[in-house]
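Consider the single chain below, provided in structure tokens and representing the form predicted on its own.
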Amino acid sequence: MERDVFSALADPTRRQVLDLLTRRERAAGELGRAFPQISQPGMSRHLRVLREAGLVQVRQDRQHRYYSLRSERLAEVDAWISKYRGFWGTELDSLEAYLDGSKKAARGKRT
């Protein structure tokens, strides 16, 4: 069963796991230790969701499982976000113009 990538990314813990995996592959136990507030079964559920969403892949080596990031599904997220990048730039330009106008108005009141 393949999960929706956006549902998997909705959880902040899973996003933090992905952040850790951007640096290098990590063992499941190492990921678990990075989140001491989460039980081992809880971390296993997070890793399963990420795996089912195609965001991570797992490699078995003897008794250890190693997780690494899969960038293919993140491209889907990037494609969706790219539609909004122009909007952000426009909004930031509007905010900058507003703030510049507010500064000028404040200076005019002081003189």
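Given the structure is predicted, the values throughout are model-derived calculations rather than measurements. Note that residue numbering begins at 1 and tracks the sequence as displayed.
As for the form predicted in complex with the DNA, it is not shown, yet the points below apply to it.
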Checklist entry - Arg85: heavy atom within 4.5 Å of the DNA in the predicted complex? => result no
Checklist entry - Though only this chain appears here, would Gly42 touch the DNA in the predicted complex if you measure heavy atom gaps against 4.5 Å? => result yes
Checklist entry - Are any of the heavy atoms in Gly29 no more than 4.5 Å from a heavy atom of the DNA in the predicted complex? => result yes
Item to check | 4.5 Å heavy atom contact, Leu74 and the DNA in the predicted complex | outcome: no
Checklist entry - Can you tell me which residues in 43-70 come within 4.5 angstroms of the DNA in the predicted complex, by heavy atoms? => result Ser44, Arg45, His46, Leu47, Arg48, Arg51, Gln60, Arg62, Gln63, His64, Arg65, Tyr67
